[in-house]
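Next up: a single chain in structure tokens, the form predicted on its own.
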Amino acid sequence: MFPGPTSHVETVDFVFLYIVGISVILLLGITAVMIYFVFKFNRKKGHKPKDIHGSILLETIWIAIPTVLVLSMFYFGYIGYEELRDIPDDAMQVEVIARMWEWDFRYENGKVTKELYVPLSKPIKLVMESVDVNHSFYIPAFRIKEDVIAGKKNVLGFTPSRIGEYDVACAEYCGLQHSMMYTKVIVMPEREFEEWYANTEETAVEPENK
């Protein structure tokens, strides 16, 4: 498992590969058994079929195994969900405002930007709300997504672990220019971010709709 730009990436990728692995094994196993049965029980016309009575052991096995597999998928998925929702109290809070068809990011010191700037290795808490229709805040490289809804504030957290620029998209159809609703999250070294954050002269123009 290759390390990603957040710790959550490895968790999500593991769950994905785990489910795909189980699915592939079941596919190959069931296909092999079907082919085996085709040849083993192949009979010429006129053969009189015989009734096969049920087996409590077999019925228990094919109920128990799928149940265990499904519960294990749920368990690993829940671990990832819990990890995503466990936002530290000292996380840096950024307010995210969604509108057709752009994003605004408001920091606690008054800065307002069109791109999300965050420091490396610092827990981030995004408090998100839409001013019009429903949107969805999606960072593919981080494996995180959260709906942004009018009249309700949703929360999303992450801790960036790699410097770089990562695409942010809207994953909920929101009108004619939905496909153009892109921005970036820019992960910066802590000292560089502090200098940028302290320079309030670089504050972006306040959006028209508040």
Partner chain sequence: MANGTIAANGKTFYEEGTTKAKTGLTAWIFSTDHKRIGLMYLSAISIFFSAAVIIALLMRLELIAPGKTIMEPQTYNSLFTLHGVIMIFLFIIPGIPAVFGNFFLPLQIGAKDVSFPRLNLLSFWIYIIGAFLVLLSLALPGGPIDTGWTFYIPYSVRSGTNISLAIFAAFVLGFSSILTGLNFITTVHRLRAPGMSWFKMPLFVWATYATAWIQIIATPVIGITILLVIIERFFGVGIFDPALGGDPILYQHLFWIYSHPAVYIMILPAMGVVSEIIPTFARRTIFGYRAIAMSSLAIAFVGYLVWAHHMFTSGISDAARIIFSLLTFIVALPSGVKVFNWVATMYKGSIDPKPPFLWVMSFIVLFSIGGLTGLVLGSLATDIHLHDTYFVVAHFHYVMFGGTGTIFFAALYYWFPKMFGRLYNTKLANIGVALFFIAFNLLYFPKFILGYMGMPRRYYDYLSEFTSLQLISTIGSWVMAIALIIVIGNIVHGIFRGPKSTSNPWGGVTLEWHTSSPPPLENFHEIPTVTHEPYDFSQLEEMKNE
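Every value quoted in this text rests on a predicted model; they were computed, and no experiment measured them. The term rigid core refers to the maximal set of C-alpha atoms that superpose within 1.5 Å between the two forms. Numbering follows the first chain given and starts at 1.
We do not show the form predicted in complex with its partner chain, though everything after this point is about it.
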Open item on the list: Since only the chain is shown here, I'm wondering whether residue 12 would be in contact with its partner chain in the predicted bound form (any heavy atom pair within 4.5 Å).
Closed with: yes
TODO: Indicate whether its partner chain has at least one heavy atom within 4.5 Å of a heavy atom of residue 186 in the predicted bound form.
DONE: no
TODO: Report yes if any heavy atom of residue 193 sits within 4.5 Å of a heavy atom of its partner chain in the predicted bound form; otherwise report no.
DONE: no
TODO: With heavy atoms only and a cut-off of 4.5 Å, decide whether residue 82 touches its partner chain in the predicted bound form.
DONE: yes
Open item on the list: Could you pull out the residues of 147-161 that have any heavy atom within 4.5 Å of its partner chain in the predicted bound form?
Closed with: 147, 149, 150, 152, 154
Open item on the list: Core superposed first: is there a CA shift of 2 Å or greater at residue 176 between this form and the one not shown?
Closed with: no
